[in-house]
Each structure stands twice: as structure tokens, then as C-alpha cells.
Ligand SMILES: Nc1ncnc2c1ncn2[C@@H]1O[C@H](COP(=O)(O)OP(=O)(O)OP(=O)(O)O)[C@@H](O)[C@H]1O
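Next comes just one chain, in C-alpha cells: the form predicted alone.
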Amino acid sequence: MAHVIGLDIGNYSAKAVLLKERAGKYILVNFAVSDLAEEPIETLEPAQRNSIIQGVIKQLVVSAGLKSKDVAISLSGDQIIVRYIKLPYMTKEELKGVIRFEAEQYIPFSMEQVVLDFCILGEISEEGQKKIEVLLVAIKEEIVNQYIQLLQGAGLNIGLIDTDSMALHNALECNYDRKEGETSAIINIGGKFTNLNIVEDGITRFSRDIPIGGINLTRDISKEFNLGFAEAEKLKLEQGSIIIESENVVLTRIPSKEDKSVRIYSSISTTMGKLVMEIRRAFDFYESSGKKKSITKAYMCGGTAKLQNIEKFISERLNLPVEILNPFNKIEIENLADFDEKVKQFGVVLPVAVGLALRNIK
């Protein structure tokens, strides 16, 4: 089966990963990460944005020596509509025949405008009736065409389009043993969105894209220090940290000019509080809908997961264990010496690209 490049195009950077399979094991061929621009690319004109992305992707593929021309990409946020629905029991073949009709009530666009796909998550019994739980995904056709043109301009073909949430699920399932009865969350704090996934018994039962991410934190720092975006981003990466309440570091004094980390935390604490509140609300909604199990563990990833102490902060606020998701936990790295530093530096931003690279191998 053809191996695809998992290509994650974010607001800050592009990530490309190529894997291969040997004797049932996944092996890392190579990966590359490259910044796109000093400002978030969403702020640029479409033609300028596309030109930057194409240039960076071409360079990524060449620098990592990735021979494949087929890529898997993923979308999130307002580019894609994801719905979890229940329908009367039917087979996959029967569902194929009626899915467009069933989807009409859940999709706020004309069915002629969208590309639609679905996945049957499982069977349930409700009030004595046998039903199926279905994941419904819709993307506007014009968005699909924009991505096809964008990547053709970089000399690549789209093998498939996924959602960030499903790619994250793949990365988790491939790298961590499933514990029976465990319900875990994946929290991927990207530039513009935080992708939240709730995985119960190996199935994603809930996903939500929260419109808060690293860009919001950088803008907070930019205001506090009166800096341009690029300088504020640099300061966040170099000196940003979360001050943990349980360590008895309380903000009771006026920070000195030298004490930048305290000022950084002070400037981002409101946004961090909002993000955790949105995650908590999503958890509460999930746990209160039907016979859903409580979330027992969370995995974190994304560029903002590099912020010092962030997993401790989220663990404390959500009152559950949180660990950084390692996208190569069970993926073999043949030349570990060559990759070791790179994996330490970039591993936290790679789960989506890894999850995409797994797709066509399966």
C-alpha cells in the first residue's frame, strides 16, 4: 500500500512525517518542521498565504528527502463540520444510500455544496430500539478544491482529507496501549484552535475545536510588553511558563522589570483560565449525555504544550492526570542518534502529522 506523507499545515508552521510498515511495526522514515511566517498566516492575503505555504512545503519535502507525492492533510475549526448522530439501525450499505438525506438536518449548507463522509462508531440500544452511532463529517467543496490547488502548486497530490481530531486519535491508538474501561481526552493546543477529543474504549465519542490557542497567548504577551507579534512569540517560547498554585508561588507582589516570567504568566492567565473552563464545560457536557463514563486521563500536545508547567496547570485545574503525548512512543526510530534531539524539540507538535501518516498504511 502506498505510503502517504502526513502533512499538518498550521498557523505557525508546517509539519511533514513519512512512516513505513515492516512486519506489523511502524517505522519513522523522516520528518521535517518549518515555520511559515513571523505573523500567523491567517492574517495574510490569500495569494500571499498560498505562496508562502507552497514554498515551505516544497522545501520541507526536499529537505526531509520524502519521495512520495501523495499527502494526507487534515482540517479543523470552521473549515469542517463534525457531528455525532444516532440513527435507526441499518447496515453500512443501507446508510450509504440515505446518508445525504439524513445529513441535511445537521449540515447548515446545501448538500450540493459539500463533500460528505461518515463512519459507524457502534451499535446501541435506546428505549428498546437498536440504533447506530454515526460520525458525520462535511467539508465545503470549495475548500477541498482550494487545498487541491494549493498542494498541486507544491507538486503534491491529496490522497485524503481527515479531521485533526481523527488524526490525533490515530496517533494515540498507535502509540499507547488501550486500558479497558479507560476514557481519555486528547488536548491539542494549536495556533488558532485547541482540538479536544474524548476517546472511550478506543472510539472517539466526542470532539470539539475550541477557538483559543497559542496565538491568543502571544497577543496577550504582545499587549503586556508592547511588542510586535514575532517578538512576543519569541519571548513566550524562551521565557514563558505557568506558575503553579500548589507550588505556593502566589502573585502577591508587583513584578519587577527583570521578572519577565511572572509578567508573562500574569498576562496569559485570563486566557488560560478561559481555555480550561471551555475544556471543563466540554467534559461536563460529555459526561452528562447518556451513560458516558468519566474522563480518567488526558494527553496534551501542540506548540503551546511546550510552555513550562502547562501540563501541571491543566492537571490541577481539571483534577486528572495529564501527560504529554509522545507521537513516537511505539513507532520505531531506526537512526535514534540522528533523530533524538529533533524528536525532543519537535515531538510535541507532530501528533497530527503522525496520525495522518498512519492513515494509508492501515
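Quantities reported herein were computed from a predicted structural model and do not represent experimental measurements. Note that residue numbering begins at 1 and tracks the sequence as displayed.
The next section is about a form of this same protein that is not shown, the form predicted together with the ligand.
- Remark: G303 counts among the residues lining the ligand in the predicted bound form, judged by a heavy atom distance of 4.5 Å or less.
- Shown alone here, G159 lies farther than 4.5 Å from the ligand in the predicted bound form, counting heavy atoms only.
- Although the partner is absent here, L307 lies within 4.5 Å of the ligand in the predicted bound form, judged by heavy atoms.
- The ligand is not drawn, but in the predicted bound form it has a heavy atom within 4.5 Å of K236.
- Note on the interface: of 187-195, 275-283, 103-111, 139-147, the segment with non-hydrogen atoms within 4.5 angstroms of the ligand in the predicted bound form is 187-195.
- Residue D164 is the sole member of 146-173 found to place a heavy atom within 4.5 Å of the ligand in the predicted bound form.
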